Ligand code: VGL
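The chain below stands alone and is given in structure tokens; this is the form predicted on its own.
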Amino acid sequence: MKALILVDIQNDFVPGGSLAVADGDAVIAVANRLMPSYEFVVATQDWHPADHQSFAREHDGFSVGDVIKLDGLDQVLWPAHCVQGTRGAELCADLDRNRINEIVRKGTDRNIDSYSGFFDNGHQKETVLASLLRKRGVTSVDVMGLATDYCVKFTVLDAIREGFATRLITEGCRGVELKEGDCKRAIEEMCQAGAKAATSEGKTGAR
């Protein structure tokens, strides 16, 4: 069985949100169009405590975009986003949530970020995503969402490591692009790891 993984299509990541991805709301229509074609749809949801250590406001003298060491790992500092229980953390209202079978929350530990839907950034703890997929007999996944160069990339890389045949739906992704070319490099890295990059019609491509 093939599943669709929707990565972090949340209010804070679309225009008007605290960590808005340019044109991020464009992925909603792609998701809504695709979901009826899958027996199993999982959405990941960033779900941070208010004092999450990836937030620049938690570190005096540092600004958004700076890189620090957090729990021994390089950590980009972000604006406060997707705080548990806030509107910004909610899945976008226009997303057809009735077709989502499961929601997997991540980033709940204040001391380590979790870009991937499968693991935290240090691979110390795993979410329930892999077990949910295996229980449903899923062997391949299509991945799309926000953002190409962070949470989508790491979700795709971990899906491959977990043994799932993985396809990136490029038209359903948008990126942060802290540095010019980050999205292109992310797609190249995913493809080199074994992902297939394709449009929803199955044509190969990149965005």
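Note that residue numbering follows the sequence shown and begins at 1. The shown structure was predicted, so the numbers you read here are calculated from the model rather than taken from an experiment.
What comes next is about the form predicted in complex with the named molecule, which is not displayed.
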| query | finding |
| --- | --- |
| Listed residue (Ala43, Val143, Val27, Ala147) with a non-hydrogen atom within 4.5 angstroms of the named molecule in the predicted bound form | Ala147 |
| Non-hydrogen atom within 4.5 angstroms of the named molecule in the predicted bound form for each of Ala31, Tyr38 and Arg167 | no |
| 4.5 angstroms heavy atom contact with the named molecule in the predicted bound form for Tyr115 | yes |
| Partner contact for Phe119 in the predicted bound form: the named molecule, 4.5 angstroms, heavy atom | no |
| 4.5 angstroms heavy atom contact with the named molecule in the predicted bound form for Ala195 | no |
| Contact of Cys173 with the named molecule in the predicted bound form (heavy atom, 4.5 Å) | no |
| Candidate stretches 159-167, 135-143, 45-53, 58-66, one within 4.5 Å of the named molecule in the predicted bound form by heavy atom | 45-53 |
| Heavy atom contacts to the named molecule in the predicted bound form at 4.5 Å, residues of 1-16 in sequence order | Asp8, Phe13 |
